[in-house]
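Quick heads-up: it's one chain on its own, the form predicted alone, in structure tokens.
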């Protein structure tokens, strides 16, 4: 029988039961080198199952630093160098075998038993939980808004094919946006995106306004209560008015909430704040307005059933005094970047000084793992309080 080759070393297995005071001989592996494809990754124990069972992905374009995503969280990947020598020992089946039986005989073979080092690692990759990088999501979805024209021209295949050049499927978004799947879904929901024909879209605000107004018009004609809209009836009537069924559902989803199931039919309640914010944005789309004029027009647009107040618009509009007049204009938190440094920079360009009651709506959504709102304020602002009973004032640090 042909003699089987024997391993020249025991590989990493020899290290498993190594006691703290014991030692093992080491040698260079025949394939020793830089091995740039081998990188050490330091993991928190809670992440180990996700990595071992391949439930993680690396996301990022070539011009971006990579992030590692689990199902629900995003982690930055940073290289951390070390001054100690970290020796990588491959498993025995990775090692070369003795082809010459004389190499494996006697004392020479006994001396060869040890750990064979294939690489000296200069450091390791470290994971740090970070906020999802969702600013890009709104940017790419805004490239091609879904408009009334597109709904009417849906049969125009050439037009549709041209538009698809800037449309994105779920897989496209996971490739382009550095966020976990759960965070990406939350981001799509926050931006009122909807999946149409397999592509995620933001519907043009003017088109949404048309659908919403028609819903309210039909609620008056059919004596519907805005607190208990029957889903099937609303969708069917809007569809008969020429709106795509998908967008009729989307209108209920954006401006209302499902409150119960009744005889297998969904029942929805319109959300007063979302409706009021929508109409306020429409009025102020062309520019700022005097407060009195704005309030008169705004109140005329809101259905009588809804109880409204100007406080509903916090984080959506700003007021300013010009002489004796008070003016109101759009300044929506949804238009601001999600990174704290950029957010505070824009806020202090808008106003060099902020009272807390005005500032708080514009920073409450900032999400930085490991940093509280108080810590963010300490890092990016200076707080002053002219009098004990006065509102604190924040300026740029």
Partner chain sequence: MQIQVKCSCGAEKCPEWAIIELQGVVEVQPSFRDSLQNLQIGLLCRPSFQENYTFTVGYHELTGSKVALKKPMLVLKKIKRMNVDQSDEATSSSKVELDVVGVIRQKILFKTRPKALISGPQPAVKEKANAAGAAAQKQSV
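We call the rigid core the largest set of C-alpha positions that still match within 1.5 Å between the two forms. As the structure is a computational prediction, the values presented were derived from the model and not from experiment. Residue numbers count along the first chain shown, from 1.
The same protein has a further form, the form predicted together with the partner chain, not shown here; the description that follows concerns it.
In the model of the complex, the partner chain lies farther than 4.5 Å from every heavy atom of residue 345. Residue contact check for residue 24: one or more of its heavy atoms lie within 4.5 Å of the partner chain in the model of the complex. Mapping the unseen interface onto this chain, residue 12 counts among the residues with a heavy atom inside 4.5 Å of the partner chain in the model of the complex. Among residues of the shown chain, residue 242 is not one whose heavy atoms approach the partner chain to within 4.5 Å in the model of the complex. Proximity to the partner chain in the model of the complex, defined as a heavy atom within 4.5 Å, singles out one entry of 43, 368, 333, 330, which is 43. Checking 326, 85, 189, 228 against the partner chain in the model of the complex, a heavy atom within 4.5 Å turns up for just one residue: 85. With the partner omitted here, the stretch from 368 to 376, 51 to 59, 337 to 345, 352 to 360 that lies within 4.5 Å of the partner chain by heavy atoms in the model of the complex is 51 to 59. No residue of the trio 72, 257 and 292 has any heavy atom within 4.5 Å of the partner chain in the model of the complex. For residue 375, the Cα coordinates differ by under 2 angstroms between the shown form and the other one after the core has been superposed.
Once both forms are fitted on their rigid core, the CA atom of residue 25 lies 2 Å or more apart between the shown form and the other one.
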